[in-house]
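The chain that follows stands alone, in the form predicted on its own, written as structure tokens.
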């Protein structure tokens, strides 16, 4: 019993590392723009499909595929920022969110038209056996994702609190009108934040598909839902909270699967998302109105 509990905890932390990476990008965008980007996962999916297409046609290696994934995700993120968020910076939060949902459908339709097969193989990040610690095992690719999540959180924290760009971001977040009067270029800050969040999403997407060894169009919805839930679970706008929320979500799913079975694992997570949305939406509306 204790051995199963420990192993499921290790598995949950492994899953949660991917969620933490996704939540970091969500948190960065929401913390600065006060907008929920529903096409965040779809942009990640687009970048991963760019890498998959490159691998299938040219047999590129892992490092090049990682670079293509990040570049494709940043390109898709820039497209989303220009069409959905730039026109609504001073307007309705709902309008920007609905617009990003429309682009989610656009990205999904594009990748299914170019690559119509539902499932494609992706080069594995690590093909060896899991690490063994007595009766317990831990996957190497899970350790890589966990390290990437901690490193990304540390780098983001350092960027926000130890650089002039970070000072500008915090000024724009707290008092955008005063920041503009102080000479800070608000649109340029928003664009760079979006690009940075998209790059983190690209890293997360690459590690997820390389860990699973496959990709489907469902990656977009999966990334959006898991990242949004982990962000809300860890606290809106908190970078350490995003990591904690992702790990907590992974633990919740792992132990739910153990106690209740795989059929109810996702149901528990989505019920939690419903409860968090019901609790958070009035708060978000009040804060955006102020």
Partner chain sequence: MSLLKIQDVVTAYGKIEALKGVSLEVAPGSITCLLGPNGAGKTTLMMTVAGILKPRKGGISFAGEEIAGRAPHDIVARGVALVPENRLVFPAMTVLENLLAGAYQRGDKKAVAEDIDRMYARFPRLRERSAQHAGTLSGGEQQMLAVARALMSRPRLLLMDEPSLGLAPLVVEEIFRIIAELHRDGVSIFFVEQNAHMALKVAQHFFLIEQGRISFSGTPGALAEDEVIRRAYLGSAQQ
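Residue numbers count along the first chain shown, from 1. All values derive from a computational prediction rather than experimental measurement.
If you look for the form predicted in complex with the partner chain, you will not find it shown, but the lines that follow are about it.
Per the 4.5 Å heavy atom criterion, the partner chain in the predicted bound form is contacted by stretch 177-185, the sole one of 81-89, 148-156, 208-216, 177-185. The closest non-hydrogen atom of residue 171 lies within 4.5 Å of the partner chain in the predicted bound form. In the predicted bound form, at least one heavy atom of residue 164 sits within 4.5 Å of the partner chain.
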